[in-house]
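Before any questions on binding or motion, here is one chain by itself as structure tokens, the form predicted alone.
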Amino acid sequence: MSLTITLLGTGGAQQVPVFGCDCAACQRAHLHVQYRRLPCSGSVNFNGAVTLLDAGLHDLAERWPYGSFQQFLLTHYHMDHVQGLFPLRWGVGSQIAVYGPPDEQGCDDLFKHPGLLDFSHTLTPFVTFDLQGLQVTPLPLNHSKLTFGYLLASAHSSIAWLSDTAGLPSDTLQFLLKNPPQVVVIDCSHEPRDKPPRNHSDLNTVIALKAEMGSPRIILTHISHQFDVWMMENALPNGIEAGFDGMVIELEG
């Protein structure tokens, strides 16, 4: 048995290529599909169960037919992380559990008209819960809306999913220092900057976190077209790699 995480999208709300942009990264993405970046999202496969991490893919219902996954695990309720839920909720069948932070507002009318989505599974920071044998711990992040990352742990492996965030809150960092994951998938929207961004990390922020955490493998996600341009001309430090749509991370279960 393995713990498998697939990156379904590694871009931000703009995606790559960006509408109307002719930068080198957007031109490349127009020509070669492997360089395109959909909204940041993923899937987790463990013990025969599939969990969808966020729901920002606009064609989510087409990609994941009814019965192909067990539940959603949401980081937050910004549109680029939940837009796929809007048509899916009007489907037919049993309710689908949606786990996420206790955001009273949600997004638009999702809570008012949930359809077959069950939003009652609100989570508490640092309180671990079970998803078909996978141990999941919500971790507060630094973002403009209430946002959780997650430590996903099996008996032998663990991975931290940390998007969207600008650095890490001190309590989340301390938790990860005490419970170090083998792999960290983290928001890195921006190339190195002199001043840290407000809502999303830049590469300097991630480098500093790697040094403090000692994480052996860092995978970057929520990548902007400007950062893609930077990476076309610069190499990432050892132990840090750029995620890509369709990337599969497989760990021992």
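Remember, predicted model here, so these are calculated numbers, not experimental data. Residues carry their position along the shown sequence, with the first being 1.
The same protein also has a form predicted in complex with a further copy of the same chain, omitted here; what follows describes it.
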Heavy atom within 4.5 Å of a further copy of the same chain in the predicted complex - residue from 107, 131, 173, 153:
107
Of 214, 48, 65, 197, the only residue with a heavy atom within 4.5 Å of a further copy of the same chain in the predicted complex is 65
Non-hydrogen atom within 4.5 angstroms of a further copy of the same chain in the predicted complex for each of 183, 230 and 236
no
How about residue 79 - does it come within 4.5 Å of a further copy of the same chain in the predicted complex, if we only consider non-hydrogen atoms?
yes
Although the partner isn't part of this model, could you tell me whether residue 242 comes within 4.5 Å of a further copy of the same chain in the predicted complex, counting any heavy atom of the residue?
no
Can you tell me if residue 102 lies within 4.5 angstroms of a further copy of the same chain in the predicted complex, counting non-hydrogen atoms only?
no
Taking any heavy atom pair closer than or equal to 4.5 Å as contact, tell me whether residue 111 reaches a further copy of the same chain in the predicted complex.
no
Heavy atoms within 4.5 Å of a further copy of the same chain in the predicted complex: which stretch among 90-98, 118-126, 163-171, 133-141?
90-98
Check each residue of 6-29 against a further copy of the same chain in the predicted complex and list those with a heavy atom within 4.5 Å, in sequence order.
13, 14, 15, 18, 19, 20, 21
